[in-house]
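First, one chain by itself in structure tokens, the form predicted on its own.
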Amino acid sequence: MKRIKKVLAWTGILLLVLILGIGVIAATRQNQKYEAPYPDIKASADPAVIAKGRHLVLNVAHCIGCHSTANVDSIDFNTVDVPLSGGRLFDLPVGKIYSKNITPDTETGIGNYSDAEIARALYYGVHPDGTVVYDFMPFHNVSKEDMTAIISYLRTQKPVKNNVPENKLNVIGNLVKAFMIEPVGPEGEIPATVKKDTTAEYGRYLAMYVAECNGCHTERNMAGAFVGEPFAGGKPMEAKGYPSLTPPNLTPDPSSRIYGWSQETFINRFRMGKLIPYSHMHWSSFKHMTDDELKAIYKFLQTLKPVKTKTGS
């Protein structure tokens, strides 16, 4: 009996040392610095480029859905300027994450960031101070032409001073950040431009890299890495006080939400906007996408591998 107690005591001590060791290492890795190239991107003052950037930021890339605390479902933000001043809370299993102020304010926004620093953050997932960017907005393969337009529009916003709270990670969040999150970069060479048409190829570009449909409609782990079949449905998402909603399967399988939909039905659904008040889908942005953009996405979704929707828990 004494021997067993001694073994258990030493086991407890070893586990405690191990836990403390992991905790110390995790603490030292919270502000790990990374290197990444600075893309040759320069903002333009051309009104056409800025207008294109506005369409991408407000509609296709739906930046306004996260970087504003305004009720964008009740505002026509394509005619009224809504500042992208950040501060929206995302209460996640890893902790409380706040969207950043991306107006040109020099104290609390991106006013002191160079064009290349902003592009590096979006392409390579590295902040100007060298720390990692959470991969919530994977614009790593956006064309240089589109990135130029996006940054050009951001530069034209009215600066808004808004001190966004610091992220508050819990124990799990600190461990995830320390050991699982690393910068994510482009899959290959960043394209200079992408042909805009109604092909499935352009639809893939929009769905994967700009509108980021896969970000919700493909299952991901706590570090943000994709772990499920592409577009076969994401993990349940909750809104406080409401039932959870699961991003549906968009593959051509009969169990898919859009199985049997015509191209016209697909487009018309987007034009309707938000029908479920607590839906996480950025309908207020996506309903303003052009017919050609939606046609391209529809055609791309039809090319996906059919995957049966999971049932049960």
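In this text, residue numbers run from 1 along the sequence as written. These numbers come from a predicted model, not from an experiment.
What comes next is about the form predicted together with a small molecule, which is not displayed.
- A heavy atom within 4.5 Å of the small molecule in the predicted bound form is found for one listed residue only; from Asp115, Glu212, Glu229, Asp105, this is Glu212.
- Only one of Ala178, Val194, Val133, Leu169 lies close to the small molecule in the predicted bound form, with a heavy atom inside 4.5 Å, and it is Val133.
- Comment: 115-123 is the region of 115-123, 221-229, 71-79, 182-190 lying near the small molecule in the predicted bound form, near meaning a non-hydrogen atom within 4.5 Å.
- Interface residue remark: Val94 is not counted as part of the site for the small molecule in the predicted bound form, having no heavy atom within 4.5 Å.
- Shown alone here, Ser255 lies farther than 4.5 Å from the small molecule in the predicted bound form, counting heavy atoms only.
- Although the partner is absent here, Ser99 is a contact residue: one of its heavy atoms lies within 4.5 angstroms of the small molecule in the predicted bound form.
- Interface membership of Ala51, defined by any non-hydrogen atom within 4.5 Å of the small molecule in the predicted bound form, is ruled out.
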